[in-house]
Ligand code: DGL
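Only one chain is included here, represented as structure tokens and corresponding to the form predicted on its own.
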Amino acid sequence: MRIGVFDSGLGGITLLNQAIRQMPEEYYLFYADTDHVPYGEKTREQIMRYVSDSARFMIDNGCKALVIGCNTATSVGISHLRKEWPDIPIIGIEPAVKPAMTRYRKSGRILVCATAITINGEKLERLIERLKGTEVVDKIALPGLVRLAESGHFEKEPVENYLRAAFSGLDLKAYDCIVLGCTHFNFFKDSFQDLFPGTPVIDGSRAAIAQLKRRMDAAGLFITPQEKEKLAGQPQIVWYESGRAVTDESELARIGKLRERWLELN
């Protein structure tokens, strides 16, 4: 059985890589809902339908645990998924506001960057309120980064021009920590570090996979020798885009470049 990793597009590759780094013996199914990316520009009703359909596909294809590698999908749909499949570990990703507040903040502010739905969602607002960060946390939506990541444009000049324009009303020196609240944004960590020199730029991928490991351990779901033997000769990762198996060499090469970029930055 495989671990299912889901995202609205290819940003979840950052979580997949983190999962392979922490659990190299496991096998994975990666599902990118590329027909509907970006989720951050869809209605909550549409996102709920996409998330439910994608989760059902992964479970029907034998996934023993799911990782929702999309902050927007987590914000909108994870409670529904956990009610629908209570016996399957379902781990979501959320902006790493807690470590930003408890480990990195000194006397300055925290900047959370995400999609509009995550930024405006009740889930993030409740998290900030619970951490008593309402007065010190700023939020900004950066939808253009999703499009740049999906199209494979990582050249620093257009990326940093976009970010400078988005941050034009902010005092960039006021922040103790930058939180990347969308997995697509992790591909641009170097540009954030250039614009905020010396400021920690963090995301929630490592913590999400650590939580997945704990849940799988508690449920006895780590791969067994028998499963390894059954899966021998099969690829460690099988790729799907909106329910279609990815076999095109050019698309697999594009995916490979995204994986390599994450490894370069992490």
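Being a predicted model, the structure only gives us computed values, none of them experimental. For every residue, the number given is its place in the sequence shown, counted from 1.
Here the subject shifts to the form predicted in complex with D-glutamic acid (DGL), a form of this protein not shown in this document.
Remark: of stretches 230-238, 210-218, 22-30, 65-73, the one touching D-glutamic acid (DGL) in the model of the complex is 65-73 (heavy atom within 4.5 Å). At least one heavy atom of G40 is located within 4.5 Å of D-glutamic acid (DGL) in the model of the complex.
Heavy atoms of V146 reach within 4.5 Å of D-glutamic acid (DGL) in the model of the complex, making it an interface residue.
Taking a 4.5 Å heavy atom cutoff to D-glutamic acid (DGL) in the model of the complex, the contacting residues in 1-17 are D7, S8.
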